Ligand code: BES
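Heads up, the chain below is alone and in the form predicted alone; it's given as structure tokens.
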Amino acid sequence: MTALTLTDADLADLAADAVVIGVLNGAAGPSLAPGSEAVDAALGGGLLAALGALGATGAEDEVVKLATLGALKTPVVAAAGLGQHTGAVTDEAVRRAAGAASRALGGRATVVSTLALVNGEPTADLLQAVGEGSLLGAYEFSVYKSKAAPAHRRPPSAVRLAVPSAKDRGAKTAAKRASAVVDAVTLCRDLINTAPNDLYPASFAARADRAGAAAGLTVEVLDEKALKKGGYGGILGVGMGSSRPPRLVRMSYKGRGAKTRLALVGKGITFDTGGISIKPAASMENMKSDMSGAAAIVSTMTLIAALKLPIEVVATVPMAENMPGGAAYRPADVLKFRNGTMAEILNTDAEGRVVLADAIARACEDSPAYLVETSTLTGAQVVALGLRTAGVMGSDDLRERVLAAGRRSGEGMWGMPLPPEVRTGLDSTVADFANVGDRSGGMLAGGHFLSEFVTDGIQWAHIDIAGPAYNTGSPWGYTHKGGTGVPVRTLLELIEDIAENG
């Protein structure tokens, strides 16, 4: 893990392997962001001209490196693009620039970043954003590398954030919080990136148990026998086709002074073949990420415990592997859920909502004031909103609070409706309803299905992260290829809002 510290030393005297400055992209061309003055002075005032000669524009995700040729004790300057801004640079722009810089500085052990100074005196939020971006950009998953590739350069092992005063209590708190957030996102990313032959329901549950115990949480794991006894027909139905039986993990936390109870639910399909309704072979390897919602919930639980938030939270996390084995559930089967509801299965590849139904029903038995669920639920989310924006449905007030939390965290969220006409597509002639409806509005139909299991009076929200949870393309900002950790940071922002305001 990369270490994060603060420094108020003169940059001209500070020994490091690289220093990061910000460059703005303006109508008149690039300009140096505040915080770069000492570096520019050491280079005789020619920093901007030198960067321009190298093609720097200040565009987002751009990093241009320049040798200092002995003018500084630091041999390399990395100019990170911040994009265009009419006023103050946004926290998210700085977070992305910090992440891009860390990705570009592989092989440089110690990095000093001036990005917290781009708006002058740094706020706690901006300082946290720089810390998060720097550490997330330095993420690396190398569990399965028996030896490093010849051209591989390790990410920075230490990042120092330049601040006016390294002893400032607010700055220290922001840096500590950034490290805690990144620890949780790293856990989430690691779980998602783990190979499915290593991460299956029982092993996932065991890892959640260990992480929860280390964080001081109370953890309960239900095996297939307990699931059968408890009437969890949805989880059992989805897991029947696999030789590796399903699990349900319950994680509990109660902070000092807690006045509100919140339920968290996350989908944990450790691999999704689609079952009998099997998926195409192309890109099926990415279906190891179908447990991203569960990974986010497990990681968020460890984070709220680390931050000692004054709230009561119980997470209910179903885990199953959706395989087309001889005992697999079939189209036309009818499953009975924990709350007694029955659903006709028309498509076994719509399995996420089937396991979530049991989990939501169980979570509602705790009588929470709020219930938030997240899952890689529908391909329709990707069609509607793309790969970086999650769809949010549910109770109007809570949906809006989730969207606001997403804006604060920098994770893209978009509110979606639950039109009544979409619900009629789930009607079944043989059961209470079916697990899929018409092809149109597929994301909304998934939300309607889940809503059937939420007890009246509980405010709820569903976050569909099918696209944002797993990056199959090139890295960008602080986001690497593979698991992203979305929506851990949004959940933290939301939970703190609920803890403070009820």
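Everything numeric in this text was worked out from a predicted model, so none of it was measured. We number the residues from 1 along the sequence you see.
Same protein, other form: the form predicted in complex with the named molecule, not shown, and the subject of what follows.
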Which among 408-416, 104-112, 180-188, 349-357 is in contact with the named molecule in the model of the complex, heavy atoms within 4.5 angstroms? 349-357
Proximity of Pro164 to the named molecule in the model of the complex, heavy atoms at 4.5 Å: no
Give a yes/no on whether Val436 approaches the named molecule to within 4.5 Å in the model of the complex, heavy atoms considered. yes
Using the partner position in the model of the complex, report whether Leu377 sits within 4.5 Å of the named molecule, counting heavy atoms only. yes
Might Ala306 be said to contact the named molecule in the model of the complex, defining contact as any heavy atom within 4.5 Å? no
Assert contact residue (the named molecule, in the model of the complex, non-hydrogen atom within 4.5 Å, options Ala361, Leu126, Val314, Met287) equals Met287
Of Arg261, His85, Arg330, Lys279, which residue is found within 4.5 angstroms of the named molecule in the model of the complex when only non-hydrogen atoms are counted? Lys279
Contacts from 247-286 to the named molecule in the model of the complex (any heavy atom within 4.5 Å), listed N to C, are Lys267, Asp272, Lys279
